[in-house]
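One chain is shown next in structure tokens, namely the form predicted alone.
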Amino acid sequence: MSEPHDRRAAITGIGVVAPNGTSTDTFWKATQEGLSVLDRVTREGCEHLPLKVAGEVRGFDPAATIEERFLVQTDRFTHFAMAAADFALDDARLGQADATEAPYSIGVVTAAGSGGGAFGQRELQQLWSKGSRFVGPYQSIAWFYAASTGQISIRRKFKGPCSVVASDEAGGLDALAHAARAVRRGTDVIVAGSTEAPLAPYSVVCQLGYDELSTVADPSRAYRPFTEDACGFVPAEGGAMLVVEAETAARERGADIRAHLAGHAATFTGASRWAESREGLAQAIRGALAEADCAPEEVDVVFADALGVPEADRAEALAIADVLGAHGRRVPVTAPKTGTGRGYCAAPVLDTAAAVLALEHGLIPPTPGVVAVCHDLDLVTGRARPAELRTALILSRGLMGSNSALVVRHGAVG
């Protein structure tokens, strides 16, 4: 890339709270084994709604890692974010960082597509059933898209550049790009990523207007992208946070360089215009490869958007071929999210975490639940595939029309 070598954006920490694992290790074990945890929605108040299958985070106790004074101020999506940020900082060996010596050296960037639905619903129910005196003061902030960025920075005393990408699914990759650019502009460390909690009844009702949402009741059939049985996507909660920092500074403190955020680009083609997303996604891929100074044939694996809508799946397969050419028909493609659900802005961040782990382990995780592929793709199914991996391409498209592509290079790649 064109930036100075010492300002290259390196990933040094990963923190995950996902439907298939509430730590990075458990997430990767389930991901590489191709386990599907999609199941019937169990959230109270959702029993009568058309959405029947989702990826729920179970066994997560926010009180085990987060102080009570922060828990009462925040929604479940921010609980996920604070816990994942803790895990990522610990992984980067910055767990004790409180920024007292350099309070402006660490910032936070998150992406959010839905905000705090459960908190907001609870307080509105209090308002209408009991009156305004029963509405807590944190209603004004807990639902807000920027709540996770704010609470992580306040709790950790981080005073560096802080922002939120309020967007559709592709915003997860855009948040990582914001982090990389902040590092290149001079900030030492950015904690970046996305977590979502869109399974409160109010949140689910809001999603029912999406034609792309799958309402199939059988968890094994509800989310099958790139097949003739594709019937939409199922939503999910959880997500991931990454520690992104300047490579030289990270090496000076003895941190492990897990990967580099090498290139990113984004386009917009309009809500649900899936045929048009072919060109928009292709242009994003070209831009990301150009910024990473990466030739198409250097891409070793593609983590697909995998919406599960026939027209959208076809457009994605064609976009990959448009840019990667003949290599695009040979390069392995995977979509681990078919085993966990599509967590809106958090989905591509989880894909990025999986991509980094795949690069480290030389193992491409499979696409759970998908067998008979009907597109010209080398989709990895059934079991993980060993491979020599140096470069991963992560793709994401949003229901509102955004398209993003991110190139991630192995930490050993110069």
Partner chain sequence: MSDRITVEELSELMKKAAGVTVSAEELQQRYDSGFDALGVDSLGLLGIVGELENRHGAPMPTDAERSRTPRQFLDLVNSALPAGA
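From a predicted model like this one, the values you see are computed outputs, not experimental measurements. Residue numbers count along the first chain shown, from 1.
Heads up, the form predicted in complex with its partner chain isn't pictured, but that's what we're talking about next.
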Proximity to its partner chain in the predicted complex (heavy atom, within 4.5 Å), stretch among 202-210, 244-252, 132-140, 183-191: 132-140
Listed residue that, although its partner chain is not shown, lies within 4.5 Å of it in the predicted complex (heavy atoms), from 105, 163, 272, 73: 73
The one option of 47, 376, 33, 68 with any heavy atom within 4.5 Å of its partner chain in the predicted complex is 68
